[in-house]
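Here we start with a single chain on its own, the form predicted alone, put down as structure tokens.
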């Protein structure tokens, strides 16, 4: 992705745009069969952040800043997850220099709009930076560079980041093994994880430290391995403050699987972040289901996800985060493997108007 577009809107102009959004949102969604719900949809668009007793979040990249985007992202959500501008792939340059422009823009956006910053992510198995490749085989030098990187990045946002995803996606899809990477080759399958969490705690003692994983709702074997791994790390004294379960799902996911995964995630007693929710209308294979029926199934899954999160013990409700603001910003539109570029997995359409998925979450938060 390219550098961020445009300049930051003033708070006044953002709120003015939000009022325009409220007006154009009326009647933007399909009418509800419930008269009370239909009346609510004709009224002013509520702010999810005002309805939720916990943090309600979204993911952003600063490339998307602009009037329509900012109006929604700044007013509807109380927490922001950095999409990629706090990942190593963005920060660490081939020559070893660190760049923070994107991360700084996101942190400033959060500060200007009184939002918490959930920083994503310090260590990811996908990364294989040249500056670390040069150190392979020299464990001492590799370990020192690893620690310096985490200290520099987490330290820069100390006092700004509410939390960090420290190690992202540590479990293989087979549900039996830990992922291997340049980090595990040089610091050990468990050693790199422990080192990362310890360095992050040292860099920012007040940030909550999460371990984040995908597929926990659809792969029970992987979920069990993940939870067993986290429990083992906790018993060894590794500083882990919360669990992130991503929940990138599609409309075909059977009922109850999200609920079961969240219940299991909460079993360790840690705060739970439903961290990257979206619901795709695409499938891996053929499907005979018409789009209106896919949309109904999508709304059911949105409802299940939030109801299951609300059912967790209050002290474990860290945040409920949607992975993107408008449909056109979603990775499900832009990823290289995407075949259907009409996917609509989020709460707001391409023009930042609230969809039925938005109203579904509003209904749950209002107890309907």
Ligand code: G3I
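Residue numbers count along the first chain shown, from 1. Just so it is clear, the model here is predicted, and its values are computed rather than measured.
Absent from the display: the form predicted together with the ligand. The rest refers to it.
Engineer: Within 4.5 Å of the ligand in the predicted bound form, counting heavy atoms only, one of 227-235, 119-127, 202-210, 259-267 shows up; tell me which.
Structural biologist: Result of the contact check: 119-127.
Engineer: Decide whether residue 69 counts as a contact residue for the ligand in the predicted bound form under a heavy atom distance cut-off of 4.5 Å.
Structural biologist: No, no contact at 4.5 Å.
Engineer: Can you tell me if residue 223 lies within 4.5 angstroms of the ligand in the predicted bound form, counting non-hydrogen atoms only?
Structural biologist: No, no contact at 4.5 Å.
Engineer: Is there a heavy atom of residue 246 lying 4.5 Å or less from a heavy atom of the ligand in the predicted bound form?
Structural biologist: Residue 246: contacts the ligand in the predicted bound form.
Engineer: Is residue 48 close enough to the ligand in the predicted bound form to count, meaning some heavy atom within 4.5 Å?
Structural biologist: Flag for residue 48 set to no.
Engineer: Could you tell me which one of 162, 87, 294, 195 places a heavy atom within 4.5 Å of the ligand in the predicted bound form?
Structural biologist: Only one listed residue qualifies here, and that residue is 87.
Engineer: Would you kindly say which of 218, 168, 282, 75 lies with a heavy atom within 4.5 Å of the ligand in the predicted bound form?
Structural biologist: By the 4.5 Å criterion, the partner-contacting residue is 168.
Engineer: For the heavy atom contacts within 4.5 Å of the ligand in the predicted bound form, list the residues of 322-343 involved, in sequence order.
Structural biologist: Result: 323, 331.
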